[in-house]
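Quick setup: one chain, the form predicted on its own, written in structure tokens, and binding and motion questions come after.
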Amino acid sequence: MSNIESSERGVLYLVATPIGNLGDLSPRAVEILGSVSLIAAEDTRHTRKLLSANDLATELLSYREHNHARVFQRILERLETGRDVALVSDAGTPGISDPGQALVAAAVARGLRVSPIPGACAAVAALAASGLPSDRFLFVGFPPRKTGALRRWAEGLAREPGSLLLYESPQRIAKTLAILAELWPERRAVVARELTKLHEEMDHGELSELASRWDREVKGELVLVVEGIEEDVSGEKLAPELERLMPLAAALRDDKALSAKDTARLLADCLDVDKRQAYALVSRGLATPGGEED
């Protein structure tokens, strides 16, 4: 920790900026942006336009994914010497799913004061307008890009009871919706596009419906809100022996055509028995009238 007393050290302000409509910048945010010694911005060109619109000319420093490790220390040093710094992202609340989180963590670790200046947040705005349950939700940021990782990521969220909030790029929204629709076709969801802007859009429907409508690259910023799994009304967890039957239940629900080998593997996994015994059981069933072997 610095030897400088905390009262003599600067404050790191987290200033939320508009996600589209410039009128959403609060008067307090304008005041802070005009009073700090430095603004650390995701894109200085973008932030300069915002400052110009409010007759501000504060010094700007680029702080983004590709350079934050290099400029990190410069920001902390300025705070340590008693000068205030504002952190902004291109849109919304900084420190949420962006490199600003690392800076905030470092400032907190050094005992520096971090002060949020609240404002727009695309994920929360989309949830509020979605009509989906908002008493419990999970923000998961941007999903993985690669297909296999994306599928595993989604499978890991399958039992989450809260609404899921995620950001996605216009280039990948079709792929993400296709995979989610494959896993949870009947879940309700909302694609929020261009929030607070002229062409704002809120598209409601089941994931299977949304996947068919958003099957190509689009334009604009996107937030996806997906309802969570419906909790058991009894509030009780399934017994362990029933939990083991879930893969088999899913296969039957989806009407999958399983081979004898796959059926035996599922039985062995679900019932915790030897695979050879499970295969013998399946083979015996196939030997009955109407049965078929592989």
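Sequential numbering from 1, following the sequence displayed. As the structure is a computational prediction, the values presented were derived from the model and not from experiment.
Just so you know, the form predicted in complex with a small molecule exists too; it's not on screen, but the next bit is about it.
*Asks:* Identify which of 195, 173, 180, 85 has a heavy atom within 4.5 Å of the small molecule in the model of the complex; exactly one of them does.
*Replies:* Answer to the contact question: 195.
*Asks:* Go through 96, 218, 106, 117 and name the one with a heavy atom inside 4.5 Å of the small molecule in the model of the complex.
*Replies:* It is 96.
*Asks:* What stretch, of 164 to 172, 128 to 136, 75 to 83, 182 to 190, brings heavy atoms to within 4.5 Å of the small molecule in the model of the complex?
*Replies:* Result of the contact check: 164 to 172.
*Asks:* Does at least one non-hydrogen atom of residue 19 fall within 4.5 angstroms of the small molecule in the model of the complex?
*Replies:* Judged by the heavy-atom cut-off of 4.5 Å, residue 19 is in contact with the small molecule in the model of the complex.
*Asks:* Residue-level contact is defined here as any heavy atom of the residue lying within 4.5 Å of the small molecule in the model of the complex; does residue 122 satisfy this criterion?
*Replies:* Yes.
*Asks:* Is it the case that residue 210, even though its partner is missing from this view, gets within 4.5 Å of the small molecule in the model of the complex, heavy atoms only?
*Replies:* No.
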